[in-house]
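First, one chain by itself in structure tokens, the form predicted alone.
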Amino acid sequence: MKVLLFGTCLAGTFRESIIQGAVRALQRAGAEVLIPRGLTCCGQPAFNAGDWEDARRMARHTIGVLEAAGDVPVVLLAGSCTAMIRHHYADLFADDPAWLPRARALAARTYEFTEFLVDVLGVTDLGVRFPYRITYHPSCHLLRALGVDRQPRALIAALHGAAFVELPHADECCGFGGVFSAEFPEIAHAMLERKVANIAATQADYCLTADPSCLLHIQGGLRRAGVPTRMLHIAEVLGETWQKG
């Protein structure tokens, strides 16, 4: 099966090992991975900030690039970007008879990474050995907007040699929330401190997540607090692109 991989802005800018890991994991699961040229932002930050005209421009560009790349599944590495395309592109073009059908057609073939592996390819065990104490932070958009929770947990449960510890108050936001953390930094910082304390309580070597934004936000909080737990994207673990230390 051919798939189009949409790496997302944060992974492409700050953590390319997430994209590299996703490519390796998808290939190991039997997919042929294509990365379309010309992808930029999906438009979610502008959408969340209320600048729907800019969001529409970015959405039109994204739809055009992915249409030209082929009528095959689109896999994204963040629940937030997946939710934007699957749900909110239709909101942007609700009154546009030309673009609404195109937005809906793209939404119908858009999947989050763990969702695609488990629900479409039927894969949970990629034979990865990860002999560490681990916990899991479910991102808000992944959990609430997409209802994806069983899938990443199934992939984590299949890691060979891993000792899983449930994260206290796992479903609470880490405080990033896209533009929320920029508009309300004091509240975002307080939420982050709570998340860091809960991760520290697990004494995990690694905390896994499926969203680059949560990963970067929480990792910064862990470092500032002196907590040795490291954040990893599930794709980095499954594709074995993480580095110990």
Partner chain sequence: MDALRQAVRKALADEALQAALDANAERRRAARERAHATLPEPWEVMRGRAAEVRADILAHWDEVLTRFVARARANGFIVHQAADAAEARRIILDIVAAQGPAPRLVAKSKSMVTEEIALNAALEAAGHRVVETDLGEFIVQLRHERPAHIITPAVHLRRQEVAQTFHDLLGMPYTEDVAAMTATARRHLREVFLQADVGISGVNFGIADTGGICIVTNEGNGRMVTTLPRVHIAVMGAERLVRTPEDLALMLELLPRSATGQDLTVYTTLIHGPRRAGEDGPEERHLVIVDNGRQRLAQTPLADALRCIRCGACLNACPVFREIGGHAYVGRHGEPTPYPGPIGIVISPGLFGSEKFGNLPYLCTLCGACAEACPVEVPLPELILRARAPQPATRHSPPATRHSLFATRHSLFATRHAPPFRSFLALYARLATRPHLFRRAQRLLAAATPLLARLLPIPFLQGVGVSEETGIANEESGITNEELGIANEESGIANEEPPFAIRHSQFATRNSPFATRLTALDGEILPAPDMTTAGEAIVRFLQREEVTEVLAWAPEHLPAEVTAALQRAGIAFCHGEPAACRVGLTGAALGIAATGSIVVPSGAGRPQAASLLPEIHIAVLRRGDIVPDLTTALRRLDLAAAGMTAIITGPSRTADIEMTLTLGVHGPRRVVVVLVG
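As the structure is a computational prediction, the values presented were derived from the model and not from experiment. Residue numbers count along the first chain shown, from 1.
This protein has a second form, the form predicted together with its partner chain, left out of what is shown; the following refers to that one.
Contact with its partner chain in the predicted bound form, judged by any heavy atom within 4.5 Å, is made by just one of Ala107, Cys173, Val72, Val120: Cys173. Within 4.5 Å of any heavy atom of its partner chain in the predicted bound form lies no heavy atom of Pro101. The closest heavy atom approach of Glu183 to its partner chain in the predicted bound form falls within 4.5 Å. Using a 4.5 angstroms limit between non-hydrogen atoms, Arg150 is distant from its partner chain in the predicted bound form.
Residue contact check for Gly127: none of its heavy atoms lie within 4.5 Å of its partner chain in the predicted bound form. Although its partner chain is not shown here, in the predicted bound form the stretch 177-200 places heavy atoms of Gly177, Val179, Phe180, Ser181, Ala182, Glu183, Phe184, Pro185, Glu186, Ile187, His189, Ala190, Met191, Leu192, Arg194 within 4.5 Å of it, in sequence order.
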